[in-house]
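Taking the form predicted alone, here's one chain by itself in C-alpha cells.
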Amino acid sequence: MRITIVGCGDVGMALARHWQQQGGVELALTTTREERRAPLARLAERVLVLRADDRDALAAALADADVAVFTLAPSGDQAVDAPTYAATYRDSFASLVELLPQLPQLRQIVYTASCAVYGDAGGDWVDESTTPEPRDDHGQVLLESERLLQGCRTAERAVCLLRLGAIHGPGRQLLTRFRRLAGTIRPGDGGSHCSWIHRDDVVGAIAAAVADRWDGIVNVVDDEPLTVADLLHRVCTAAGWEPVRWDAGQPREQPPADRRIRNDRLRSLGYRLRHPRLQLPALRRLDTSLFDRVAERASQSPRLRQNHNLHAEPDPVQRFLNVLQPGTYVRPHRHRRERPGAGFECFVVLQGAVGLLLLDDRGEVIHQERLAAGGPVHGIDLAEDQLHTLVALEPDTVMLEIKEGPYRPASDKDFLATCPAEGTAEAVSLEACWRARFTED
C-alpha cells in the first residue's frame, strides 16, 4: 500500500514510525520545513518540503498514493489567526479538490479534524449526528474544510474525518501544559467540559481507519469528559502544586465551549482505546519554578528561610526543600531519636551554596564544609547526635533535606543552650562570624 502523510508534525511522525515498524507500507511524507527533511527521511521512501495549498507540489506528493492522510497544523507554537487557519486547512483542501481528476488511484482520504466544530452544547452530549455550530472564525474554517473533503467522496473513494479531542501524550504532557496555572485564581467556576485523547490513540485510530477503510465522521476522544476544574484539580494534586482557585464573580470575555463528546462510533468500528481515560503520574517536580516561588517566600520571611515539605507530618520519612537566604540564623542543634542511628540527617544542595559547621558541646567549631550545587562537595550525610548549623553563602540557596519521621516539634531538635536564640542581636552577630569563615582566604 502506498500512503502519503501530508503535514508530518508530531502526530504524522509518530504515524510514520508506526507504519515503518509494521511494514508493508510505502510512505511519502511532507513537511513545510527543510530542517525536518533529514529526520523524516529515516522513516519514508520520499520526503517533500511543501505547503499543501501549493497545488503542483501537492500533486507530486500524492502521485501514485492509494491513501492520503492529512495531519495538518499551522506552523509555530503560538496561537494563530483565522486567515492562517484558512491557508493551512481550507486552501489545502481546495487544492486537493482541483487535483482529484489527476488522482484516479486515490481510494481513501483521512483527515485529523477537530471537535471544535461542534461549538457549545451547554454541557450536553454530542455525537457525529450533532449539527456543527462553530463558535468562532477558526471553527468555521475547520467546518468549511470538512465540507470540501466530504465533497471528495465517491463510490470508489472513502473520506474519513477523525474529529479529535485535545491531544496529550509525548511532547504534550499535561503537567507541563498546566504548570503556569498552579496557585492562580481563574474566572468562572471551571464547570465546562473538555474531551481528551492520547497521541498514541490518535495514531492507532488513523491506522485502523486505513486498515479497515473507515468512511464518514468518527469522534476520537477518550471515555471520560472532564470539567476544567476537575482536570486542573487532578493535575495539581498529582504534581503536588498549589490548587487552582475559581472566582465565579470574575467576568470572562467568552466562556469556554461546554460539551461532552461521545465516542460510541469509534468503539462500534472495533477500535479499543489504549488510554480510555486520563492517567496522571503521581510526581512532584523539583524545578526552578518551584525554587523561585519558595525563595521569594524565604526572602520575605523574618527568618530568611522557608521549608517546602514533600512529606506529611505523620510520614515515616521527612523530605523537604529548605530555601535559605544569606543572614538566616540556624540555631545549632542535633537530632536524637529513641532508636539508635535514627537521628541522621542528609543534606544535598540543589541550588546555590551553604556552609555546614559542626560544633562541640561548648559551641566551638570542630569542622566546616562548603556544600554547593556546583560541587565539588554537593551534600553531606550527617550522623545522629552531631551538633551542627548552616549558613547561606548565596542568595536563593536550595537544599533537599531527608531525615527520619514522623515530625514531632517538641522533640525534633535538641538545641545547644549556650548559643543565642533566633531573633536576638547576638544571633545576628554569631551568624555573620560563621559566614565569614567561608569567605576568608
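Computed from a predicted structure; not experimentally measured. Numbers for residues come from their place in the sequence shown, where the first is 1.
Unshown form predicted together with a small molecule; subsequent notes refer to it.
Contact annotation for D10: at least one heavy atom lies within 4.5 Å of the small molecule in the model of the complex. When contacts are judged by a 4.5 Å heavy atom cut-off, T71 counts as touching the small molecule in the model of the complex. Although the partner is absent here, Q318 sits far enough away that none of its heavy atoms falls within 4.5 Å of the small molecule in the model of the complex.
Though the partner is left out of this view, Y89 does reach within 4.5 Å of the small molecule in the model of the complex, counting heavy atoms only.
Taken together, the three residues R36, L50 and L164 all come within 4.5 Å of the small molecule in the model of the complex, as judged by their closest heavy atom. Contact with the small molecule in the model of the complex, judged by any heavy atom within 4.5 Å, is made by just one of S114, Q140, S95, Q351: S114. Proximity to the small molecule in the model of the complex, defined as a heavy atom within 4.5 Å, singles out one entry of R370, R262, R172, R293, which is R172. Look at 398-406, 373-381, 50-58, 411-419: in the model of the complex, residues with non-hydrogen atoms within 4.5 angstroms of the small molecule sit in 50-58.
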